[in-house]
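Heads up, the chain below is alone and in the form predicted alone; it's given as structure tokens.
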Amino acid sequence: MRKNFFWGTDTSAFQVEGAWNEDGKGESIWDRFCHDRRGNKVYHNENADVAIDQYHRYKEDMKLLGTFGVNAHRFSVAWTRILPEGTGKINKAGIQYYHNLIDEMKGYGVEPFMTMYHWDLPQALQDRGGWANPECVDWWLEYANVLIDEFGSKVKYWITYNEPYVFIFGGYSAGHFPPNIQCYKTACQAGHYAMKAHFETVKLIHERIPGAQVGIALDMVPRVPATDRKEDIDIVPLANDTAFYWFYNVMATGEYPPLAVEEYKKRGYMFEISDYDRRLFKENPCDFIGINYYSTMAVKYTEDEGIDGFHYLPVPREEKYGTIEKDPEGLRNILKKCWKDTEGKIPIIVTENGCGGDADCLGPDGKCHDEYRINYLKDHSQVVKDCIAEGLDIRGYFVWSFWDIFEWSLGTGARYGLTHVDYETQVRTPKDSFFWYKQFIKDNTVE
């Protein structure tokens, strides 16, 4: 592999920190979601009040990470630790925590990749309309300026959002994630405000932090036809453009995908795009596009309007590793698509790749034997190596996740970590995949 390639791992604040109401932290929409047990929203009514307690154990965790061999780690900042009400008063204890975390990371030679937002909007801002309120752009930029003021001298790599499709359409259309709103038109408008905030932030970081690199981590679940029926094949482009390609296309080309725009206009979902918005999107491309990839999704045509009112319905694929469906060729296809769509002008980082199992446990020998995860990572990391050999400018590969962590609505029911965590004792135990990835990095690092 080329020099300066990032072999990394990921986490997010809500999923690891715990200490949900300590040291001045405010309430997030995910705190509220987990504490509201109506409808059994989270597996076994669990919450992330403690998670893996990284807020108190960050030194122990960074030591394990630092001696592992990765040269980068992606983490997120909890907006509510910085600005408990979303705007206004700054929480100095929260600021200090992230200074400490970053300093520990860098002390082990690990490059910090800061995700500014990983789904945990302050509840105080959701009470004012959240991402569906046009004022969210100003709220966001206030928050962004605080992060730049505090961490601009320490962090070179910035990621505005993790998976905007999930927190926008999962929260405002499907409604299965907070804020639990089911209105496709509202989701489209909220997504546009989020995109404006993103591009304003790219511009802002470039102005304020010389040499900084800023991107986004996009959830990519490419749709493929469920059968060789013509109607299933023909519906795939619309299924892609009205789902995970919606935000991707803006990053790759500066415009929303035309096929989806046409469909949204027919349905009355489309929003106003000003000339300023168009210039903002075109003139402030990312320094890199992050691809979060786990698998593809099959879709079939349905005459009765399926998901979100469109004539397609996601259906399960057959072959799986753990709880994640396997399709390494899907990763190859999306990497090549991204490279082609950006005309090779925007580098790519695989910001998430991994698989979760619901049966990862310590055996009689005190170890966790997760061969299925090793096989999954072998297949997908090989695709990355192949694409680099073909000339694609891919600059990093990050495994989700270094630890077993709180997996949103799945709670502790799905374990994605290279490191097993006993949620009762908080004891960390490296899995077989931990040792495999450690050796893999060593074997593929150019001195």
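Just so we're clear, the structure is a prediction, and the values are computed from it rather than from any experiment. Numbers for residues come from their place in the sequence shown, where the first is 1.
Separately, the form predicted together with ligand GCO exists; it is not shown, and the next lines address it.
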item	value
The unique member of 240, 162, 123, 201 whose heavy atoms fall within 4.5 Å of ligand GCO in the predicted complex	162
Contact residue in the predicted complex, chosen from 158, 294, 131, 139 - any heavy atom within 4.5 Å of ligand GCO	294
Distance check, residue 352 to ligand GCO in the predicted complex, heavy atom within 4.5 Å	yes
4.5 Å heavy atom contact, residue 33 to ligand GCO in the predicted complex	no
Residue 248 within 4.5 Å of ligand GCO in the predicted complex, heavy atoms	no
Ligand GCO contact at residue 398 in the predicted complex, heavy atom, 4.5 Å	no
All of 61, 75 and 428 within 4.5 Å of ligand GCO in the predicted complex, heavy atom check	no
Candidate stretches 400 to 408, 374 to 382, 41 to 49, 417 to 425 - the one whose heavy atoms come within 4.5 Å of ligand GCO in the predicted complex	400 to 408
Residues within stretch 108 to 126 having a non-hydrogen atom within 4.5 Å of ligand GCO in the predicted complex	118, 119
